[in-house]
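Here you get one chain, nothing else, as structure tokens; it is the form predicted alone.
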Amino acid sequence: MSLTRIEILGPILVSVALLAIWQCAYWLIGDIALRSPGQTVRFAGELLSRPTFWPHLVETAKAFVAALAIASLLGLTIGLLLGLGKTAGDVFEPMLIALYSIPKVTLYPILLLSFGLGLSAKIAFGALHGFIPVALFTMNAARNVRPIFLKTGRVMKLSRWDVVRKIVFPAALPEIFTGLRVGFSLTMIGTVLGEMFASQRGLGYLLMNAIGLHHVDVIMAVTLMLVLFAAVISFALLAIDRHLHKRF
């Protein structure tokens, strides 16, 4: 997989521009609400050296990985079922879109009552954010598979599972991967939001606690860690996504 010069230099130039804007904003606003990039990086390193910080990081990582796995599997399953079944797709697609448009924060009390406080509620909230885009992208990808491919499968007397595994999934893979990439970002947002509302551990909890105490160093450092993680993974997923769309 080869990246063009623009694909490599683009993120670097954007990063430099954002750092410059960040530094200028710090000069204008001052220490009351911001820290400079250098100060934030130094405090982030100090935070990572504290043994008390790692349980929060591990808690968020466990919740995010579990939520992403659930969102991906649930989204793929629902998307393929609705994409291959015209009647089911026509009935349930508007419901999925309506659920997607609802602010998920309004559903969090229901999740708390259903799953209680702790890891399970955060996983459910993260998965709720992520599975719908995966399902919608997968459904549309399955619908757009060329009919000749499906006819070939019927001529070869393939079972429905074999048609999905050998024909539909490979043909729809680029669009499905796009849905997974979007689902990754939304699942991460949902997981951190879940920790911010009702949790005693995790990076989201640290953020809310720091906001309440006006601990700007912690706010900036934790936010930087989350942004860097999301940016690096998103860049890698975007590169794979482009490669798949060029290949297929």
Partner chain sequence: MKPIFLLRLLVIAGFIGFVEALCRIGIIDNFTMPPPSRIAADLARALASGKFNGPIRATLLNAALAFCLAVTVGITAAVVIHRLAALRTSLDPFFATYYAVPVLAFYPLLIILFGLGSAPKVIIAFMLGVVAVIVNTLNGLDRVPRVLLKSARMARMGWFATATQITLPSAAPFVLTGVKFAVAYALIGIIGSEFIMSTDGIGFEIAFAYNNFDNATMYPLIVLVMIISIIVNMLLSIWEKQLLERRGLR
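Each form is matched to the other, and the largest set of C-alpha atoms that superpose within 1.5 Å is called the rigid core. Everything quoted here is computed from the prediction, not taken from an experiment. Residue numbers count along the first chain shown, from 1.
Omitted here: the form predicted in complex with its partner chain. The next part is about that form.
Shown alone, this chain has one stretch from 113-121, 144-152, 167-175, 68-76 that lies within 4.5 Å of its partner chain in the predicted complex by heavy atoms: 113-121. The putative spot formed by 156, 162 and 240 is not touched by its partner chain in the predicted complex; no residue has a non-hydrogen atom within 4.5 angstroms of it. Proximity of residue 180 to its partner chain in the predicted complex falls outside the 4.5 Å heavy atom cutoff. Mapping the unseen interface onto this chain, residue 197 counts among the residues with a heavy atom inside 4.5 Å of its partner chain in the predicted complex. In the predicted complex, its partner chain lies farther than 4.5 Å from every heavy atom of residue 47. Not displayed here, its partner chain is approached by residue 185 to within 4.5 Å at the level of heavy atoms in the predicted complex. If you take 226-240 and check each residue for a heavy atom within 4.5 Å of its partner chain in the predicted complex, you get 226, 227, 230, 231, 234, 235, 238, in sequence order. After superposing the rigid core, the C-alpha of residue 18 moves by 2 Å or more between this form and the one not shown.
With the core held fixed, the Cα of residue 51 is displaced between this form and the one not shown by less than 2 Å.
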